[in-house]
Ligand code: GLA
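The data below hold one chain only, encoded as C-alpha cells and taken in the form predicted on its own.
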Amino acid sequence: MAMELNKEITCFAPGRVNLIGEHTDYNGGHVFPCAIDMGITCDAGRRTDRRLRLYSADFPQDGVREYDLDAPIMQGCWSDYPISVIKTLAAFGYELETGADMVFSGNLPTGAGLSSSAAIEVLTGVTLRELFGLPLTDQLTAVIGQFAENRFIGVNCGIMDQFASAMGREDCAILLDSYTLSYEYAPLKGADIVIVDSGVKHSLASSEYNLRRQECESAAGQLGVKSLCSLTPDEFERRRHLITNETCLKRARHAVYENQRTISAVNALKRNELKAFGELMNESHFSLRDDYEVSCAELDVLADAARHVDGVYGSRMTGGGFGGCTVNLMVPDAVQPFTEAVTKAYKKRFGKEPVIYRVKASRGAGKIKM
C-alpha cells in the first residue's frame, strides 16, 4: 500500500450491469439493472485535521491525492469522483467533522460500461456515512452520487447506475421507475449472466453522450411532454410527425420503445419466460445500434456471435455505449460454448480476445464486517 492510514472501517460498492432499459433513465422511463459481484473497496479512517488524502491501488501512478477539506479543488484525475461526492455532501448540508484518509481498490474495470464511476461515488458516500455517522439512506446516497456526477463531473447521467450500486439485492434485479424512483425486485432464476468486455474504452463525459440527452429533450419539447417515456408506443406513433428532425425522431423512438421493452421483459421474467426476455434483449441492441447509434463494430460482433450459440437467450450492449461490454443471458451449460464462440469471432475480426466475466446479482453497497 502506498499510503498508510489508521483504518477504522472497510466498505464495498458493486458495479452494475443493466439487463435491459438503456438510455431510458434520463428520459423518465424504466430500467432493469442488477448489482454484480465485482466492485470497489475502500479502507478509511478519520484524521485529526482538515486534510483529505486519497489513494487508489488501481491508479498507483497518480500517487496520493491531497486536499483541503474546506476547499477541495478538482484535480483532473480519478479522485475527482470521490471529491465530487464530498462537495455534494457539503451542498446538501452534510459537513464532515474532520478530514479522512481513504484507500480504494477493486476488480471493476474502468471504461467498460459496468459503472465504475457510480460505484466509487456510492462507495464514497457509504464510507463517509459509516465513518462520520451521517443520516443518509441508501436511496439518498444514490441521489447524492448522481448529483455529484451531473454537477461536478459534467456527465448528465440518470439515476440508474448509482441506484443499482446502492440498492442491489442478491439474486435479484431491480425494476426502477426513474421518474418516480419507485422500484421492485425481481428474482433472477434459471439463467447465468455473462459479461463480455470488448476492451474498447468509452468516455461518458464525451460530447456524444450529452448530445443524446439534448436530442431527447428537443424531441420531448416538440411532442409537448416532460419526458419521452411518459408516452406509450401508440401515443408516440400518433404524434411522431411533430418531431421535425430525423435524428431526434430516431432517438425518441428508441426511448419510447425501449421503455416498453423493459416493462414487457420483466413481465416475461416473472412468468419464467426466459426466451421471450432474451428476444427483447436482442431487440434492445438493434435499437441502440440503429436508432440511438451508440453501439460500435466490436459490440455488434460480440452480440451477433452470442445469438448464434444454442442456449443463449439474448445478448445486447450494456452501459452508455461507444465501447464497453455486452451482457448475455444463457442456460448454465451454454457458458463454455458461448465463451469459445465469441472469443473466436472477436479474435478473427479484431485480432484480440475479449475479457469474459461470469457474474452474479449481488447485494448493494455497505460496510464490510471486520
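Fair warning: this is a prediction, and the values are worked out from it, not measured in the lab. Counting begins at 1, following the sequence as shown.
Missing here is the form predicted in complex with alpha-D-galactopyranose; even so, the following discussion is about that form.
Stretch-level contact analysis of 191-199, 231-239, 152-160, 137-145 against alpha-D-galactopyranose in the predicted bound form, using heavy atoms and a 4.5 Å limit, identifies 152-160. The closest heavy atom approach of Pro33 to alpha-D-galactopyranose in the predicted bound form falls outside 4.5 Å. Heavy atoms of Gly319 reach within 4.5 Å of alpha-D-galactopyranose in the predicted bound form, making it an interface residue. Among heavy atoms of Tyr313, none comes within 4.5 Å of alpha-D-galactopyranose in the predicted bound form. Interface residue remark: Tyr209 is counted as part of the site for alpha-D-galactopyranose in the predicted bound form, having a heavy atom within 4.5 Å.
Applying a 4.5 Å heavy atom cutoff to alpha-D-galactopyranose in the predicted bound form picks out Gly21, Glu22, His23, Asp25, Tyr26 from 20-35, in order along the sequence.
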